[in-house]
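Below you'll find only one chain, the form predicted on its own, shown as structure tokens.
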Amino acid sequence: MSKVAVFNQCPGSEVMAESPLAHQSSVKGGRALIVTEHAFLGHLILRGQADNESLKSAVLSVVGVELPLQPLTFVLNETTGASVQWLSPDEWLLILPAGQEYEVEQNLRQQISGHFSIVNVGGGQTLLRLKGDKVFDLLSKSCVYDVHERNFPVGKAVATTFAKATAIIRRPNEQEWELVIRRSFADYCYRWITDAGREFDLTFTV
């Protein structure tokens, strides 16, 4: 259990909340495949015109990274851990350290002019971080998208199927991968990963 702010409300409006996998148990295994849930991060959907200079400058000022304009990419602020991902020509996903989403949203609203929208979707998503020598094997048996390094370099992000669910697969660095999954798919993805990862001596921390 953790205290989190209620969507777009200000600090002080926190309520007790459970992560999407709070009812599941951690799995202790080896180090060839390690999966860790990072719950309660800030997830914001930003929409606006890509040629809106105030939008681009606001993202750079507030989040500390350039707004990605290339499809299937995301950029990471290695100092803060915040990231901005291209979702469509006028849509981006911001993932922020826990507790920063309200402040970031308010600062963006103050600096962006013109037509735009910002929606807090943190209550409906969670992030899984994967590392180890067998991550490629797990992803290869779980999705149809080609995750080989020749096709999936660092900085790429793809929305695709994961088993019979949907997920965003991201590669923030050479050693780690990320899955952004919907809350409603979290239990299914947990069960799929624990089963598919059994042959790799999976460690899953929730």
Partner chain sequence: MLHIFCPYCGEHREEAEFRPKGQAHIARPLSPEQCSDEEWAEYLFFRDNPRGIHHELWVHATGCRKFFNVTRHTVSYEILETYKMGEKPKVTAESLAKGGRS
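Numbering follows the first chain given and starts at 1. Since the structure is predicted, the reported quantities are computational estimates derived from the model, not experimental observations.
Not on display, but discussed next: the form predicted together with its partner chain.
Of the residues 54, 161, 173, 26, just one reaches its partner chain in the predicted bound form with a heavy atom at 4.5 Å or closer; this is 161. For the chain shown alone, residue 103 is not a contact residue for its partner chain in the predicted bound form, no non-hydrogen atom being within 4.5 angstroms. Put simply, residue 177 is far from its partner chain in the predicted bound form: not one heavy atom of it is within 4.5 Å. Taking the partner from elsewhere, residue 47 is found to have a heavy atom lying within 4.5 Å of its partner chain in the predicted bound form. The closest heavy atom approach of residue 87 to its partner chain in the predicted bound form falls within 4.5 Å. Taking its partner chain as it sits in the predicted bound form, the stretch 46-80 comes within 4.5 angstroms of it through a non-hydrogen atom at 47, 71, 72.
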